[in-house]
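To begin, one chain is listed below as structure tokens, in the form predicted alone.
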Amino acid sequence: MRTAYCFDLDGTVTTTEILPSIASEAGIAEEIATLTRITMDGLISFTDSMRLRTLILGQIPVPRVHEIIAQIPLDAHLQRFIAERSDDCFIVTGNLDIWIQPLLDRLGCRSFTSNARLNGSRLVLDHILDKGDAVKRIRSELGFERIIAVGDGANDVPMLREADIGMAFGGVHSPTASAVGAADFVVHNGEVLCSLLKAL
């Protein structure tokens, strides 16, 4: 059976949240962290939150964002798991392709992301990813028979529900109640998560 592994990025594969790290550049890390947290909890829609965060953080030049993201640490166990199965692993993230491309290059697997582009110096948001739609495309267009998804927040719920097996992961912080409710397993350690993924 051909299995695809879908991973949220921020706070799942990375060991810190990406957007608050970018926000540190503008001195608003706590504000963006709060916005990220209430978004993860489902108190504001991911679409509205992403539009707001893009508007605020879009003031920071993309090359500087890449420098910041280059320093973002990854969970070593998950990075190794993905490297060993790069054809079967996918990063499924609402984050912007234009910001996170250096991280995707480090991971070396395929991805589904939100999309933005530069119009002059202005960052233009083109598309916000629905993670459930990404899982449907992986199944219908790429021929995977079974999909295992890993995430931690409210915007991961469509992905966890659409997958055959959903895992709520608390590697950086506890997964939200909505993610736990949509998952078949709850795991809080990267090494344990990878052992479980290999066993399934």
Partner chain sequence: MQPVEGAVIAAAGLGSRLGLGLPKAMLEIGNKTILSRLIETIEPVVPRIHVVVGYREELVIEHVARWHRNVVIVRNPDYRTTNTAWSMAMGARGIPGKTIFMDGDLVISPESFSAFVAKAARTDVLVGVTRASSEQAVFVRTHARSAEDFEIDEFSREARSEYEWANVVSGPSNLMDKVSGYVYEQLQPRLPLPAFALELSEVDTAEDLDRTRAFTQRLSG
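Positions refer to the first chain, counted from 1. Predicted model, so just to flag it, every value in this text is computed and none were measured.
Beyond the structure shown, there is the form predicted together with the partner chain, which is absent from this document and is the topic of what follows.
Here the chain stands alone, but in the predicted bound form its contact with the partner chain, taken as any heavy atom within 4.5 Å, falls in 164-172 among 164-172, 65-73, 136-144, 48-56. Within this chain, Met1 is remote from the site of the partner chain in the predicted bound form, having no heavy atom within 4.5 Å. Contact annotation: Ala183 falls within 4.5 Å of the partner chain in the predicted bound form, judged by heavy atom distances. Taking the partner from the other structure, the partner chain in the predicted bound form has no heavy atom within 4.5 Å of any heavy atom of Ser24. At the 4.5 Å threshold, heavy atoms of Asn189 reach the partner chain in the predicted bound form.
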